[in-house]
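Single chain ahead, by itself, as structure tokens, in the form predicted on its own.
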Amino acid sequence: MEQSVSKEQIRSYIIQSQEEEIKRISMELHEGVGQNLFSILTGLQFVEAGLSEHHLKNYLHEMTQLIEKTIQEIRLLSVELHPPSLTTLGLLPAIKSYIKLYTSTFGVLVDLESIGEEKPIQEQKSVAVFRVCQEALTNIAKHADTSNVKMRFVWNEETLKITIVDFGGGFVTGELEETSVTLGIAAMKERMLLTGGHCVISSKIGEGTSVEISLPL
């Protein structure tokens, strides 16, 4: 007789399968497309250095700047999909790496503080927390109308607590219509529930939004 499979197990399997595919695409972007563009950029810069005609030199310089911008966007996309450091170095270094690209892309400064001794986290849980932090920061960049964010990691023996606070316009959670924002918030909460953790979001008009994440270690 087949064992029954819970909805939580199905959702967890779907998310894990999606993450494996996302990881593969991320590597192909970084190691394939990104490296090819970098080779083209290097070649164009070499040609530019040897040109004497001013108008051609200016045109080529514009092209190299466009490729540099494209490489930066691909790097951010690759890290957004799956940061390599998440697997090799862990959650906190991956968040730091993401924040650097996030700030350079959106112009939002993130004041990151880590309190306590960093603990190892199972990869599946680490990915879930990274995705929740990523969703929170993306929402801030798109909707909060702010240039400053405070992010705090607090490591205890049995729990990791993360707080993300912006100083934007805020919103009334109960009055949100079913949009990508509300679906994103629901996904954040669902991801944390699947890890055995919690995600609590509170917001007030004119005072910004707070995201509190709790993960059992």
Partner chain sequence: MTEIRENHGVMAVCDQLLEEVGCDFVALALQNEVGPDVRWHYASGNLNDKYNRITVRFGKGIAGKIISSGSPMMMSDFPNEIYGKVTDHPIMLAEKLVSCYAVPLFFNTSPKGVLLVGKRVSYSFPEQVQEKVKESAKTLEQLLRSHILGGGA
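Numbering follows the first chain given and starts at 1. These numbers come from a predicted model, not from an experiment. Take the two forms, find the largest set of C-alpha atoms that superpose within 1.5 Å, and that set is the rigid core.
This protein has a second form, the form predicted together with its partner chain, left out of what is shown; the following refers to that one.
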Review point. Considering its partner chain in the model of the complex, which of 31, 158, 62, 53 comes within 4.5 Å of it through any heavy atom?
Key: 62
Exercise for review: Among 64 to 72, 183 to 191, 159 to 167, 34 to 42, mark the stretch whose residues have heavy atoms within 4.5 Å of its partner chain in the model of the complex.
Suggested key: 64 to 72
Exercise for review: State yes only if every one of 92, 97 and 126 has a non-hydrogen atom within 4.5 Å of its partner chain in the model of the complex; otherwise state no.
Suggested key: no
Check your understanding: Is residue 112 close to its partner chain in the model of the complex, meaning a heavy atom pair under 4.5 Å apart or at it?
Key -> no
Exercise for review: State yes or no: in the model of the complex, is some non-hydrogen atom of residue 122 no more than 4.5 angstroms from a non-hydrogen atom of its partner chain?
Suggested key: no
Review point. Looking in the model of the complex, any heavy atom of residue 88 within 4.5 Å of its partner chain?
Key: no
Check your understanding: Contact between residue 116 and its partner chain in the model of the complex at 4.5 Å, heavy atoms?
Key -> no
Practice item. Any residue of 105 to 120 with a heavy atom within 4.5 Å of its partner chain in the model of the complex counts; write them all down in order. Key: 105, 106, 107, 108, 109
**Study point:** residue 75 C-alpha shift between the shown form and the other one of 2 Å or more, rigid core reference
**Key:** yes
Point to revise | residue 148: Cα shift of 2 Å or greater between the shown form and the other one (core-aligned) | key: no
